[in-house]
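First, one chain by itself: the form predicted on its own, in structure tokens.
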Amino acid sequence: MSAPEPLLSLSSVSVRFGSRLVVDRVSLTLHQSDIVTVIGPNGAGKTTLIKAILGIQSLSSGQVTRRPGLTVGYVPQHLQLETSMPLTVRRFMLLGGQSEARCRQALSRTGVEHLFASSVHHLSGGEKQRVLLARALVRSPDLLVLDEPAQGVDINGQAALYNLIRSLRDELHCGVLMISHDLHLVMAATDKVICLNQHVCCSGYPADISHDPAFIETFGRPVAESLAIYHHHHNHRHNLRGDVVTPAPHHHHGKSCTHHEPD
């Protein structure tokens, strides 16, 4: 039986701004029901990589291949709305040309249908992110692309938001590609981590990646050790489909630590 076609694959993707290399030969593959999170320091090229994947940033070299007919829902890092213009959640949701019923259904899925008549300008950080997520869901996407989805959300709201993203993946069987700085929360919410610093420093399961020398070099030993302790208190992990699998011993990996899904 042949493997299912990936939703998305990148082959040696590079992006230059003038003489500056922002994304350097990045390759990755994302399948249905994967949750893949890209982490990395500021200026690592994470948002540029997302824009290249979405087709809104041209490539300097390499190739992005999307499954034919792929539908993408996108939650941007920043959404600037003109504050002087009255804008309700209802009107904001309808701007995409979808029916009111589908918009209400999407808001219900993210737990904010009660805000339908509210002003977008008066939402809390967590409410705004859930509305943006609902707007991305309206089109029933095969792939959700989320750039810092928990930005402006308090710590309790962040955990709830990542739990929501996992449950949406389980319900819709969509793929999820996230960028995030919230390392501890992301490590609990994702199936695979890609550490980016222009190039892919390392990638793998969350429980393993904190032991990688490239991760330690990028984020520092205190962060790596705190993540290792964090995972020591979790007695299971998820494979790339999100299924719970039995614990595996932590191995010390070399500079490249790409892991493959267990059989």
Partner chain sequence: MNLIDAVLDDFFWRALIGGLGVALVAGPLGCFVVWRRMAYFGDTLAHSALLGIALAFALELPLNLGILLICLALALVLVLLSRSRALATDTLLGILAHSALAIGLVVLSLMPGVQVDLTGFLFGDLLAMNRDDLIWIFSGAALILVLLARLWRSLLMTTIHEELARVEGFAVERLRMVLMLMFSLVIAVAMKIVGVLLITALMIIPAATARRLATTPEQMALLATGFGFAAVAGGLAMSWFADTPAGPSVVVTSFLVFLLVYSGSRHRTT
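Positions refer to the first chain, counted from 1. Computed from a predicted model, the values in this text were never measured in an experiment.
Just so you know, the form predicted together with its partner chain exists too; it's not on screen, but the next bit is about it.
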Look up in the predicted complex whether residue 51 has a non-hydrogen atom within 4.5 angstroms of its partner chain, and give yes or no. yes
Do residue 141 and its partner chain share at least one heavy atom pair within 4.5 Å in the predicted complex? no
Against its partner chain in the predicted complex, would residue 171 count as a contact residue? Criterion: heavy atoms within 4.5 Å. no
So, residue 160 and its partner chain: in the predicted complex, are they within 4.5 Å at any heavy atom pair? no
So which of 150 to 158, 100 to 108, 173 to 181, 72 to 80 is the stretch with heavy atoms within 4.5 Å of its partner chain in the predicted complex? 72 to 80
